[in-house]
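One chain comes next, on its own, written out as structure tokens in the form predicted on its own.
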Amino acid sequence: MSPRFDLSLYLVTDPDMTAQRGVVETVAAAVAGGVTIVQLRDKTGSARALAAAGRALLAQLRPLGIPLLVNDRIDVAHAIGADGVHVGQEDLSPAAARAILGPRAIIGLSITSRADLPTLDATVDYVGLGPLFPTGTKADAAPALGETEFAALRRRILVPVVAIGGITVANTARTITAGADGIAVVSAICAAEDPRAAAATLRAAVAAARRRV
């Protein structure tokens, strides 16, 4: 695991799930519970609104040493001085992100199948691999990989891997056993009644699973 970031418990924000509580408040509670890295994701919000939320999160996270990545929007990540960006297969390439954000930025890439592996290059710091399990959080999610295919793909990826897609406390152990370095969650924290408690339970599940691997 890179000393620059810890994928153990990776929170991806959702503007609808956090609307009542607020994204900044949700993230604050989640980090207090054990979240180790945060991705700001809002597929429909304006660049200005995303930047405002990102600056508020940076003010909260940077003193704690928790990296903030921006989903897709390399321009916003650059404008606010975020710690990095997470890009998908339809976004600008990791190499383009690296050219814009510089050598110290954390660059993540989504891999959803074997067909995506050629897009993984030396500019990528970690891979978000999934969906591992069926998920209703992302309407356009690819078919679930399942543990066998996830493990096979993991063996072909030389950088750290965070698993995403349908991950819960109940299947965290299976996720780590399949080769994930950490778990990425959306609804398991953003939709929880108590995000701090939800994060603490998930972080404990990751730690317990690692002891058994």
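Just so you know, these numbers come straight off a predicted model, no measurement behind them. Heads up: residue numbers just count along the shown sequence, starting at 1.
Omitted here: the form predicted in complex with a further copy of the same chain. The next part is about that form.
Annotated contacts: 48, 51 and 90 all touch a further copy of the same chain in the model of the complex [non-hydrogen atom within 4.5 angstroms]. Taking the partner from the other structure, a further copy of the same chain in the model of the complex has a heavy atom within 4.5 Å of a heavy atom of residue 73. Interface membership of residue 114, defined by any non-hydrogen atom within 4.5 Å of a further copy of the same chain in the model of the complex, is ruled out. In the model of the complex, a further copy of the same chain sits beyond 4.5 Å of every heavy atom of residue 142. Interface residue remark: residue 79 is counted as part of the site for a further copy of the same chain in the model of the complex, having a heavy atom within 4.5 Å. Only one segment in the set 173-181, 39-47, 57-65, 144-152 has any non-hydrogen atom within 4.5 angstroms of a further copy of the same chain in the model of the complex, and it is 39-47.
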